[in-house]
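Okay, so we've got the same protein chain twice, two forms, each given alone as structure tokens, structure 1 and structure 2.
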Structure 1
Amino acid sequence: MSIKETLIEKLKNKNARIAILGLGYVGLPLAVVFGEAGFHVTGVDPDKRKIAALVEGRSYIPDVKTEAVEKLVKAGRFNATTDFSVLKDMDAVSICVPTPLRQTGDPDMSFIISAMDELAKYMHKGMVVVLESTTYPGTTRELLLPKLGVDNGLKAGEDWFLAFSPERVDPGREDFTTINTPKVMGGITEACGEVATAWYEGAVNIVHQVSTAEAAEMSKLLENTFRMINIGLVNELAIMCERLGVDVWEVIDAAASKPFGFMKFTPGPGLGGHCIPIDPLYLSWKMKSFNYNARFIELASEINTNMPRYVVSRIMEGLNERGKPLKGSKALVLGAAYKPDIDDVRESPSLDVIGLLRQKGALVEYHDPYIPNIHHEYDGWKMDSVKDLMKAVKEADVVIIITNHKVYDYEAIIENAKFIFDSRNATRFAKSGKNHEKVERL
């Protein structure tokens, strides 16, 4: 039997030994899915705290139950280590490491490169490697193929197999998880795609195979660029509607009454999270090397990035109408998380709004039930979430709703506040919320 046939057989009968590099919100759920499918899984991560927790059978990812980890550890089907040398005994390796942006706005490939450099030491015939980290088209072929294969004298598609499969984890989502979200898979060669598909089909419900790694890399960027651009569109619509004296929320709800050919997005104070504001910039960055300007991405990014400043200008106008300068006014920001009902503050527009308010001399406090304290990475300031929410609401000259957490009692907030700027239309659910004289909306 060929190396390919032997490996496919090991994968199909679950004898193949699996390693997951990077045990974060993507890697740990994936490790559990492979373990529960019957594979033996080794998790590898340089973070000693993560490994110590997993060795004890404890999960640190909200979407992964400790019982699931404990059961696999006890069954001897999952172990975790900081020691990359275990890779020499592995048949299949999935790389799930972060791909953030540098402060310059360029891709930060350092996590992929360090995982790749470690793996390169242990590459051998009969291995399949899948990269899951969202990245620019060409990464798998231009970075991983030479370093892991060529430099080790291994021929991809014959001696070893390399593919890309974009992660589609939406933290906190319960309806679509790692096992039931279709998985796109694209190989460096046809044989690579065949082997990687055979591997993942042993664990997830649906694998959607494409012809190349580049097609798989690009499909992920389309998914998140689509979102970013449409959010930029409705953000610009909010600005236009304000000039026209039209309620943008009413307009969007009306358009959404169309049962086909329309997809609802809502305006907000800006784009947060580690996916939507970042992934499209990997594509526009790559296109620069082809002397191509990705205009839609650049424009949408410009609009979205400007939303915190637009929100602050609207707050200044609102205070001005009430005879109050922003400078010296008490501003209470509700919500630091980048989206409702989660504890993730990465790239949150709240931080930008708070920074701008502070720059303009407002006396700023914030409240977020999920985030006890925040700090600004570049400006260096730190704040704690206020302890007594209603006291802070009563004392504030303006209450600014940035993240519409479900736990907030918007009726009580309206009752106790002097002036509310609602950037999420969160107060629509309050009895007196609609068109309340205290409330201004984006």
Structure 2
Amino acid sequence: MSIKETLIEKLKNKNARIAILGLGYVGLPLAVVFGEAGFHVTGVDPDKRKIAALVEGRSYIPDVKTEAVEKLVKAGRFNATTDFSVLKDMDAVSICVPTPLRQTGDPDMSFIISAMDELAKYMHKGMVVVLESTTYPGTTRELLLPKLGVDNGLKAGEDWFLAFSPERVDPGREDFTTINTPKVMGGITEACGEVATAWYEGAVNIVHQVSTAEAAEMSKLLENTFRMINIGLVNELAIMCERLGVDVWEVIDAAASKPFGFMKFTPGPGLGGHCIPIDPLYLSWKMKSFNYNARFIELASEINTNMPRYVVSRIMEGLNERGKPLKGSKALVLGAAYKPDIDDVRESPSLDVIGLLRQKGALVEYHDPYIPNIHHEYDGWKMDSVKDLMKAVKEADVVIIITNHKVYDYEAIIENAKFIFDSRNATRFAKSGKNHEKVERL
């Protein structure tokens, strides 16, 4: 049999040895899914704290139950290490490392390059490699192919196999998870796509194979560019509605009553998370090398990036109307996570709102039931979540709802607060919330 046929047979029989590089929000759930499907999985991550937890069978990610990790560890189907040399014995490797943006707006490829450099030391015939980290179109072919294959004298599609499959993890979601969210798969060659698809079909429900790695890379960017632009649209709509004296939330609900031709998006204090604020800018950055300006992306990014400033300006106006200047006022921010009911602060607009309030002289505190402390990397400030929520609500001159966690008792917050700025329309479910004089909404 050919190398391709031998590897596909090993993958289908679950005899292939699997490695996951990067054990964060993407890598750990993927490792568990492969392990539960019957593969023997080795997780590799330089973070010693993560590895120590996993070796003991403990999960540090809410979407992955400790019981699931513990069961796989005891069954001998999952182990974790900081030692990249284990890759020499692996048949299949998935790269799931972060791909943030630098402050200058260009991609930070350092995590991919670091993982790639380690993997390159142990490349061998009969290996399949899948990149899951979101990046610009062309990364798999231009960056990984030369380093992993050409430099090692291996021919892609014959000696080894390389593909891209964009991660589609949505932290905190229970209806669609790693196993039942369709996976897009695009190979460097047709044979690469076939091998990678055969591997992932052994663990996830649906694999949608496309013709090239570039098509798979672009599909991920389209998904999140679509969301970013539509969020930018409703954010601008919120600004326009405020000036027109119209309730933007009522307008959106009315439009959403149409059963076709409309998809509901809601405004907010800015974009957060590991995908929507970042992924479209990878595409915009890449297109600059073709002398093309991605105008929709740039405009939506401008609107979304300015939303924290708009929120702070509305808070200032609300305080002024109540005879209070922002400087010296006590501001309590509810929610540090970028979305409800999770512990993830990546790119959270809460950090920007807090930073802007501090710059303007407000005395800022925050509360988040999932995040005990926060640290703004660039500005250097640190803050702990307040212990007594209702005491802080009563003492604050303004309570600012940035993350609409379900555990908050919004009725009690309205009753005890002096003034609330609700950037998420979270108070709408409170009996007195919709038209209460204490509450201003985005």
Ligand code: SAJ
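For the two forms, the rigid core is made up of the largest set of C-alpha atoms that agree within 1.5 Å on superposition. Predicted model only: the values in this text are computed from it and were never measured. Please note that residue numbering is based on structure 1, beginning with 1 at the start of its sequence.
Note on provenance: structure 1 matches the form predicted together with this ligand. After superposing the rigid core, the Cα of I420 is displaced by 2 Å or more between the two structures. E56 is not among the residues whose C-alpha shifts by 2 Å or more between the two structures once the rigid core is aligned; its shift stays under 2 Å. Once the rigid core is overlaid between the two structures, I374 counts among the residues whose Cα shifts by 2 Å or more. Here D409 exhibits a Cα shift of 2.7 Å between the two structures, evaluated on the superposed rigid core.
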